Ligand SMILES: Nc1ncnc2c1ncn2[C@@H]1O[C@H](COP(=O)(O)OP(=O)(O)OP(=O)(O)O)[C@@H](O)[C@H]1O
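Before any questions on binding or motion, here is one chain by itself as structure tokens, the form predicted alone.
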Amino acid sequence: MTVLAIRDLTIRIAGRPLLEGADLMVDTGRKIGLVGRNGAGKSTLLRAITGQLQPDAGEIRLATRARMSHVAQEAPGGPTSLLDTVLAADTERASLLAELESTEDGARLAEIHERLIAIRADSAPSRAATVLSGLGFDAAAQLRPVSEFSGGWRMRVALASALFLEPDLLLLDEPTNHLDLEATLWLEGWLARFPGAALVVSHDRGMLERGVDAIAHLDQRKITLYPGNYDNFVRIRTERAAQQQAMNEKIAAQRAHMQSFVDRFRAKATKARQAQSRLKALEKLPQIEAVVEDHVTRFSFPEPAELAPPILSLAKADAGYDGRTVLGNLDLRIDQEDRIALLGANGNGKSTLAKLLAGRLEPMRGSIHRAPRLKVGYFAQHQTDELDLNGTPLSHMQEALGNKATETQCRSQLARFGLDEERATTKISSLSGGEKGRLLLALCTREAPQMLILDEPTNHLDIDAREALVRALADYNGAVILITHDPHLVELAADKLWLVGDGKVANFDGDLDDYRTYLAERARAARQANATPGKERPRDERKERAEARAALAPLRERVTKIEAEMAKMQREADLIAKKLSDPETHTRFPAAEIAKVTQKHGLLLKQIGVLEEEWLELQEKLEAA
């Protein structure tokens, strides 16, 4: 059954068409990710579906009696508890319960009871509590007034209200923007189990790969539906682009051949008839369609100087505020090749640890040692609020670098993150959220730091920019400390996981799939504990999995070390190969020295081969385990 039908839809904003003759069908139970470049009209389409915007032409039709739910644009507030706020979202239930207390009509009472049973009104409090728990609110927090929470946490309540309704059609616009990694992983699982249809606007690739079963691409004012997740969408688009390019080349060759004949023989009487025939054939050839290639976003970090390990270490350090310890007894070490993602729910101390490592916070007790020439680049999401709205990216970079940098150098650093000549002189107030994020990345890396601390760097970045960040981090030769709600970024950019919680920071032996399992087991344990208070839980899978992860930890550690060694050797080998391919090298240096360098290049490639063999063996053991 089709729950939402969009036919021949046209929407214009300020005279500019965003959609023209667009079509989309959403069937019951289908989860569709809506993607497209910033400004393509994704959020505008959702507003049209909810009735907040009147389309210029076409039809948007919701199935009869189908219930639709979307996240309110404004965060809830007031003295009402979180649980009651979510329960109030079901207006039918609230209305029926109110009528139940006031009516005395026996027949109407029977109808009300029948309807309450149909909408599962009795289980509503437990369902609301489950959704709130998944989004990071414990039992105590659920009873607190909404007004006690910050804006980001209130938006989670708005999301919880939309999910709780379990509608026939759910509309979500960037649902992970206000979530941490734990809540994002929970939402992915919730969407997979949700029986209704969903239309999800998201730049979170993990959500688009695991939370949906189709992709609707809004491009060139049309909507094209692709089956499968985002990976499948990229594959199909790439194949189609290649086919179109090949067809275009074939048609272009035919055109050139025919046109050449026409040009040569049109004036000759004996060939005039053939020339006219070719002209008609030429006119009938299909027009060459341009292969629409999205602009590939590229980021690049300046090359940092290499420091002796460790570049930073903590010994029995405590961190906190105003005499209150948030994290205690920290014994940590960071080397320049480390890529570390911090796990743990918001409020557990991840940002506190980031500030401590960045030098924005001094330890309350214990010691912190930094390499003498260590430079740290710190990206904090709240820094967007500190930008001068009347300034420009160029003025911010000039102020940050001071007199030691020329305007050309400042523009060059901005260009590393896609802020071209025009955007460099655009007022901050006119920049998009993604462009402000790029400016912050450019600012925090301006001095080629050996350690990057990135606290939610992907907020407001589109998918292309997120992929550009992944590629730039892969090429970066420094340490990375990552706090993000984006599982895709964690999987591709981090090789170590640190779990921040209960006032401690500990190494997590496993990957993100293990962490998903860990979260699921912890949630199940909490439910069992609540169901049977006072009883000790028996030894179960959780402990067995923890023991298994611990047994595999040495293998994982060796794999990580090999990967770092291979990457370092490959960079050195590539640099040597580049020099050897330069003709000037062979004229400037004696043959003996070139032979020595060539021998070193061969040795590096041999060592890389040995490491690759070991890496493959270890991977086989891990997969077997």
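Each residue number is its position in the shown sequence, starting from 1. The structure displayed is predicted, hence computed values, not measured ones.
In what follows, reference is made to the form predicted together with the ligand, a form of this protein that is not presented.
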property	result
Partner-contacting position among 596, 571, 67, 37 - heavy atom within 4.5 Å of the ligand in the predicted complex	37
The unique member of 423, 471, 396, 488 whose heavy atoms fall within 4.5 Å of the ligand in the predicted complex	423
Partner-proximal stretch of 40-48, 558-566, 22-30, 573-581 relative to the ligand in the predicted complex, 4.5 angstroms, heavy atom	40-48
Non-hydrogen atom contact residue 605 with the ligand in the predicted complex at 4.5 angstroms	no
Heavy atom of residue 430 within 4.5 Å of the ligand in the predicted complex	yes
Interface membership of residue 435, the ligand in the predicted complex, 4.5 Å heavy atom rule	yes
In the predicted complex, residue 350 touching the ligand (heavy atom, 4.5 Å)	no
Sequence-ordered list of residues in 4-24 near the ligand in the predicted complex, where near means a heavy atom within 4.5 Å	13, 14, 16, 18
